[in-house]
Ligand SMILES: NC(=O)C1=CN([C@@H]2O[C@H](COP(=O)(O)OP(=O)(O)OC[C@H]3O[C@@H](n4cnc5c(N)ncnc54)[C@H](O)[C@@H]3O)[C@@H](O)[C@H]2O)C=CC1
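So this first bit is one chain, no partners, the form predicted alone, shown in structure tokens.
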């Protein structure tokens, strides 16, 4: 993630390997059949055999899947699956291949904001299109009950109230653009409504606008223009800086960031980049050096922001971050306004630490008229024009129209940003394991350090089930979600997990280990292995040199059961502190006392060791995130050799 805790980790993934069952699913295995159908619309596609090996293990405890359904809901899977069998919405499921409305007529598609004519023509060829712009929330709620699809841009708010007013008829919401902040994803999922977006069509337009702002800022174009229109001639005041030979740091090396880098290279700039998922070979092909977060911001003359707005990137450019930059740095943002602490940026501009800024996006849009940032003489601003070219608007219109029509036909779009309805029986059985899978993915990626990058992730399932009786694709999707989602704008689910992993160059393989356990429960344990990487917590590295963590479900609750070679037993709720220590009396009390002084509540604690009075790992579940002082004190305990704080 783009926090200081992980900013130094440069990921260098390669191609994806996904695994499905090696043999056709047995006709008696209804959950597996249903899950396979929901996941893939191309059964003739490539199949990679799972590796099967035999092992012996005692079950050790009993699972109770039903107890954990509420936990599954909290994990952003869906609660609509638990209501599907009782709901009339089942007859108008997303998987209905006919692509007609529940009344059997051509589907009605409501377009609530202006859309390019090419997209409208595509929609009209499939359904009845109602272009009603500038609807009030009340008018939208009144109209939506007669619509099968809704297409919006950023102005229309698709709230829970709108989805409730649809009364189950609305099958798909299409966002003509990338961001889906104006759509209530959780409510859409609960009501069985697929949400799709158009993430690629405006790439070039956004990159061109970023370059335009860099050049305009460097040469004071906006200020000089305003000065001349005020009747002044101030050549000496608006002396600019050259771009040739300057270092540009591209923060976020995705589609837009890489296009900005290409264009900046053409201007004679030296380009460096930071992105946890940027493949090194792609960066090298453009002539860009991948560096750590701190190195990027501390060496750049210009910084161009292209990262998503997530919980980990929110206000990541703050007083501390600006303090690490070169004096006189220039900043451009055509990504998301929330990644910058705007008050901190004003302070940096006033002090001269930041010489200039060029902003197309803001935390609140439109910003206040008296905004100090907008009014600052060293700031160039535009009203979110990144995607505002005729070509981009047409491209977005076509892309979203294709996604919406595909969804109405029953196709599961690769640009889906929420999960489709999942059959009740499958969700009931897999619910607690879904939560476990996502949390293991989140833990594993946080343990990676250094610049070599993740080349592959291996997932090992222990199960007593027959290979044909368990489809692991939902679990793999949630492990992918845990690894990617905290540091990405992608929303990972059953529909788009493999697509997103492939797009980001993440290679995932799976292996099944048959154990002597009760076949009543689908999975005995899940192990996540990351090879050829450095670890922030050396004890998480197994004898084979891989970062290794393992977990299982106990009484409906996901537990971490192994870290590296150490056995632990801690509930995966809240957050987690792992400490490697010398095994001696009083350690639990010392660490517990430090956390108590910091008003940090301990929910669980477990100690695993290899040899008595030798080395041990203490796993501590905490409800709150310890402050820096509490973590510093833990690190000063003489018997503690290393520790790491992990967010769940």
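In this text the structure is predicted, and so the values were computed from the model without any measurement. Numbering follows the first chain given and starts at 1.
Unshown form predicted in complex with the ligand; subsequent notes refer to it.
Heavy atoms of every residue among 307, 360 and 384 are located within 4.5 Å of the ligand in the predicted complex. In the predicted complex, none of the heavy atoms of residue 493 sits within 4.5 Å of a heavy atom of the ligand.
Residue contact with the ligand in the predicted complex: residue 116 places no heavy atom within 4.5 Å of it. Using a 4.5 angstroms threshold between heavy atoms, residue 179 counts as touching the ligand in the predicted complex. Among heavy atoms of residue 336, some come within 4.5 Å of the ligand in the predicted complex. Checking 192, 107, 564, 199 for any heavy atom within 4.5 Å of the ligand in the predicted complex turns up a single hit: 199. A heavy atom within 4.5 Å of the ligand in the predicted complex is found for one listed residue only; from 254, 522, 395, 551, this is 254.
Just one listed stretch, out of 134-142, 261-269, 543-551, 245-253, contacts the ligand in the predicted complex at the 4.5 Å heavy atom level, and that stretch is 245-253.
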